[in-house]
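The chain that follows stands alone, in the form predicted on its own, written as structure tokens.
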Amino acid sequence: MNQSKKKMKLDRRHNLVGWAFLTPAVILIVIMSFIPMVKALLLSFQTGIGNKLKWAGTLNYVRMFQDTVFMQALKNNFVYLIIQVPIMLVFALVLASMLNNKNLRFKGLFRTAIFLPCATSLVSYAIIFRSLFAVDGFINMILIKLGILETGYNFLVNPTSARIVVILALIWRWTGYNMVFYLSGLQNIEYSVYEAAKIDGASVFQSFWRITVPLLKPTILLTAIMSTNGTLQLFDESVNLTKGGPANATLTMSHYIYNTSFKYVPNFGYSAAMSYLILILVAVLAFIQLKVGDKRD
């Protein structure tokens, strides 16, 4: 009886110690995250500035779907999502499979080189891509020397080519980031499984499709959700690489929210409403991906 009481006291003490460590973090999260989220939700139903805020109901949410600029930004985000995310994840998975080969030399060097882009500053890499694809930039210089172009082409003036530049920049920046997740998952797969498949006559593609992809399914699902979340909140590339142009062809929702908050006449209620639409989109797409991708019973 005494031993059980001592055990209960010890468990209670452990719980108290655990909560003592968690409490400061919980308080900070509530103050810095949850309270601003609730205030932003209330703000999304109001119009006006400062002390002149007044309740507007769903006016801001209705306005979003009548705002041609916002609808263009929404369309741009989904163009990036549909094109860039699958290409990036496939590249990351293929590179991870190649770099997981135990017979490959200089694996550390290759892994570092591919991962380095995601360690660079978002602003810096956007400016670098802007200079690369300028009329007198490196890409035009190469194309002219190869005889493909006679004069420099302004990639950032044409809507289609501007979107392609943004997509290329995103793939370059984030492929290595996702590759690290796949490499981590591949480390947990016994190499003997691949050797057994090779003995049975499986090709490299069959091993990749029948072994790597199924065993990495939870990691692929995780990276797909994170990439979807990041793409819907895309900001730096739109601001620093293309400035949302030409004619809002590359403008993203986050960029437009920034403009309506700080660049144009401030409309924080409308900006809050657009922010909550992004939250809803992220939550819905994540739910769909979980339902489609996670087949565990």
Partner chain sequence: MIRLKRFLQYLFLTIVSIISVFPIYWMAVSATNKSIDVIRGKLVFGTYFLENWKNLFTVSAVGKAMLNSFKYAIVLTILALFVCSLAGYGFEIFHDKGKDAVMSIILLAMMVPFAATMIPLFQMFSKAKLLNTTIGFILPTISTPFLIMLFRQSARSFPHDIIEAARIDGLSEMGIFLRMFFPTMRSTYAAAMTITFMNAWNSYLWPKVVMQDANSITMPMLVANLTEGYITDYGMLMLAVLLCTIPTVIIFFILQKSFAEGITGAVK
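Everything quoted here is computed from the prediction, not taken from an experiment. Residue numbers count along the first chain shown, from 1.
Keep in mind the form predicted in complex with its partner chain is missing from the figure; the text below concerns it.
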Its partner chain contact at Thr219 in the predicted complex, heavy atom, 4.5 Å = yes
Would Gly57 count as touching its partner chain in the predicted complex under a 4.5 Å heavy atom rule?
-> no
Counting only non-hydrogen atoms and a 4.5 angstroms cut-off, does Thr160 reach its partner chain in the predicted complex?
-> no
According to a 4.5 angstroms non-hydrogen atom cut-off, is Val62 in contact with its partner chain in the predicted complex?
-> no
Considering its partner chain in the predicted complex, which of Ile87, Leu132, Ala196, Leu149 comes within 4.5 Å of it through any heavy atom?
-> Leu132
The one option of Phe208, Tyr153, Phe78, Phe110 with any heavy atom within 4.5 Å of its partner chain in the predicted complex is Phe110
Out of 261-281, which residues reach within 4.5 Å of its partner chain in the predicted complex, heavy atoms considered?
-> Ser261, Phe262, Phe268, Ser271, Ala272, Ser275, Ile278, Leu279
